[in-house]
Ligand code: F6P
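A lone chain, given as structure tokens: the form predicted alone.
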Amino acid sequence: MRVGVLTGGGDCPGLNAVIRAVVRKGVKDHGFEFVGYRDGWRGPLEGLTMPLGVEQCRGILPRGGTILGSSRTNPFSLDNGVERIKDNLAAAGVDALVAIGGEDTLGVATKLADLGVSVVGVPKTIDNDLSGTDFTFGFDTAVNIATEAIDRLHTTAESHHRVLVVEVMGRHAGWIALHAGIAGGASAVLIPEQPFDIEKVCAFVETRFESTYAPIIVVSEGAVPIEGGDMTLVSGEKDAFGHVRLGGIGDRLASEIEHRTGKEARAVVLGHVQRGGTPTAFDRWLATRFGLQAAAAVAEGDFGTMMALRGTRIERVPLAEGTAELKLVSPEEYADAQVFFG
């Protein structure tokens, strides 16, 4: 069997571990031949391939990013996109496809599966917002990076008696902010699921200063205030999946805190540093297990499925289930975190 592999959407620590596991198991246990598709769905759309075998996968386990490249190409937004993919897969003699990606990439995979393409999905997102799996690889790395940054910022904030607002990734789900904020001892964590009251945030700031410590406020890029509750945009331009580019809530919040409290406030935007670099041991472990199970699913002809972590087991769930809705922070989980605010 000839199997294509692609990675789509934002890069993520652990992608190379998945590729490595799929190829190693596919070659060793099932005698598969692999084709690497370049740059997400643009690869099969335009026939962009690269050799992919055991040799190409040596040494990539600890590497961040993806050796296959990525993009946010959406074949369903292009004329004859689906037909072009089917034609290119047939021309390359590809019998099945392993798609590694998040909500958008797997959303395309779900539609293609419904149209008869033999595809298996592997969930990837640092946001941890896919409903079909307990965790996605990349999330643990992002949380660790954000937590280390918060740990470092505490000392400079206290040295200068300054408020520091740390903006982390999280368009619609606040998992990174929640986990990193609690782990880093933040004075408040602001997430997209719960619009925030700027007066309460300022009260947390004042309370923190009264304890002789300086406040750290952790905010997801998609968080919105109750007053004027709109997301803060870098620009109004949309990508191929209709997403606008978020960013700037940290600066907006820091300015408002300084204006209302008279305390000096600065914003630190972690940005793409959260998704770059070497994956943690947990993410390498999870990504590897996902890859092994994906290769097994292809061998068994179990197409239209997505790999999922359920407890400690890797299970297969329908692709449609994995992308049906976003997994959001519940009010109960957020209430637990609020014990530590102020």
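Here the structure is a predicted model, which means the values were calculated and not measured. Heads up: residue numbers just count along the shown sequence, starting at 1.
The discussion below concerns the form predicted in complex with 6-O-phosphono-beta-D-fructofuranose (F6P), not included here.
Heavy atoms of G138 never reach within 4.5 Å of 6-O-phosphono-beta-D-fructofuranose (F6P) in the model of the complex, leaving it off the interface. Taking the partner from the other structure, 6-O-phosphono-beta-D-fructofuranose (F6P) in the model of the complex has no heavy atom within 4.5 Å of any heavy atom of E167. For R275, a non-hydrogen atom is located within 4.5 Å of 6-O-phosphono-beta-D-fructofuranose (F6P) in the model of the complex, even though that partner is not displayed. Of the heavy atoms in T125, some are within 4.5 Å of 6-O-phosphono-beta-D-fructofuranose (F6P) in the model of the complex. Heavy atoms within 4.5 Å of 6-O-phosphono-beta-D-fructofuranose (F6P) in the model of the complex are found in one stretch of 153-161, 88-96, 179-187, 267-275, which is 267-275. Just one of K263, K111, K200, R171 comes within 4.5 Å of 6-O-phosphono-beta-D-fructofuranose (F6P) in the model of the complex, counting any heavy atom, and that one is R171. Residue R72 is the only member of 58-80 with a non-hydrogen atom no more than 4.5 angstroms from 6-O-phosphono-beta-D-fructofuranose (F6P) in the model of the complex.
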